[in-house]
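Heads up, the chain below is alone and in the form predicted on its own; it's given as structure tokens.
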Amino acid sequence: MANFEVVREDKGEISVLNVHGYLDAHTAPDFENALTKLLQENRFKIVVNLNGLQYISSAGLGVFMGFIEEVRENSGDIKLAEVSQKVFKVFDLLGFPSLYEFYEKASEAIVKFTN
């Protein structure tokens, strides 16, 4: 079983999800649960820090797509930060950079919400 962990950190009205390990069909429900919990708490300003992510599959990418509409309907956004080159290539192939904002550092993504 692939190793996967999501650690949540709230910074004011912004929630940071630190993702570690492999995001695939087996672990996507864990990530989905973390996002669902944020939405249930009316937390729509989300930064996903992917510096610990080693692999993402289409199932993992699907989780992002499944939540973005509801988040944006509530004046929020999901910003991605600290993506490794290897993982970014997968996002890039599927056109994510035109849908999502990518940042070098999680702190930069957080600042974008406060401006």
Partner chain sequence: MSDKKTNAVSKKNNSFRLKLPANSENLDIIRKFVSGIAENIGFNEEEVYQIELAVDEACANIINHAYKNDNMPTEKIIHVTVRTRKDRIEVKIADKGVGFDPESLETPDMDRYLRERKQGGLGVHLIKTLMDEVKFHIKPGVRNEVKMVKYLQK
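Numbering follows the first chain given and starts at 1. This one's a predicted model, so the numbers in the text were calculated from it and none came from an experiment.
Below, we turn to the form predicted in complex with its partner chain, even though it does not appear here.
Taking non-hydrogen atoms only, Asp24 approaches its partner chain to within 4.5 angstroms in the model of the complex. Interface residue remark: Phe96 is counted as part of the site for its partner chain in the model of the complex, having a heavy atom within 4.5 Å.
Although the partner is absent here, Glu69 lies within 4.5 Å of its partner chain in the model of the complex, judged by heavy atoms. Interface residue remark: Thr114 is not counted as part of the site for its partner chain in the model of the complex, having no heavy atom within 4.5 Å. Interface residue among Asn42, Ser58, Ser75, Asn33, judged by heavy atoms within 4.5 Å of its partner chain in the model of the complex: Ser58.
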